[in-house]
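First, one chain by itself: the form predicted on its own, in structure tokens.
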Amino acid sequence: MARKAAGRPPKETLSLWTREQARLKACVVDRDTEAWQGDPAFSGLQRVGGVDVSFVKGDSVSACASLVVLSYPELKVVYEESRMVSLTAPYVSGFLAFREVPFLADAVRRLQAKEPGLMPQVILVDGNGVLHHRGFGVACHLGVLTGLPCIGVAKKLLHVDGLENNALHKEKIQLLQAGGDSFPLTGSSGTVLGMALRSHDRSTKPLYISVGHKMGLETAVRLTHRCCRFRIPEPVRQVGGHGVWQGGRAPLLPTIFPS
């Protein structure tokens, strides 16, 4: 039977989340930290990850937390794990990470324990990083908890700090002529919160890239584009193909693909 998540949490919980979010935000590193990030061809990068939480249709409690790891630059799946979970925390705008990230971080830790040689060197997250109401989205949260470089890859523009999908924004999108073209997402505060990226020559809808952790924005945009065979980068596209669909059940065991 489909279940519904609990309502809005008490003020004490929201206060705790706010304090914890601020504490973790102070740990975000918004610059390149790895040698491979500075190489034009990303020499030294061998594994890229993708994570996702998908829901059973009509059920806001039962979900599937998935992790995939792809080889780079081949973008072939070398590891995948999908596990059914029960989301105990309710959804609250701006605090999505407290609902989903613990399960994703657990998936990363299980991989580290079982197959450390397959650990991703960077994770692309279907969501936002610093492009967030308080500058600390899911990609930042996961990055700080795992210590891994993370990139926020959102399909829709989050309306924050004056950013809107208005006529001016749409005009800028039309000026993106080819895959790899981008423009900065500058908020009313004057802060560049991310980049709108035309990820593929045949795609007219941009992706919204933001820093998660341990990577600068320019590098995040460049790597995301390198991972795109279609509009959605392969780590995010592949992980979205696993998990729960139309009430189906996902496998519980990890799969390691032969090299």
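Don't overthink the numbering: it's just position in the shown sequence, from 1. Here the structure is a predicted model, which means the values were calculated and not measured.
The following text describes the form predicted together with the DNA, which does not appear among the structures shown.
- Heavy atoms within 4.5 Å of the DNA in the predicted complex are found in exactly one of 170-178, 102-110, 143-151, 128-136, that being 128-136.
- Note on contacts: among 188, 166, 88, 93, the single residue with a heavy atom within 4.5 Å of the DNA in the predicted complex is 93.
- Although the partner is absent here, residue 57 sits close enough that one of its heavy atoms falls within 4.5 Å of the DNA in the predicted complex.
- Within this chain, residue 158 lines the site of the DNA in the predicted complex, having a heavy atom no more than 4.5 Å away.
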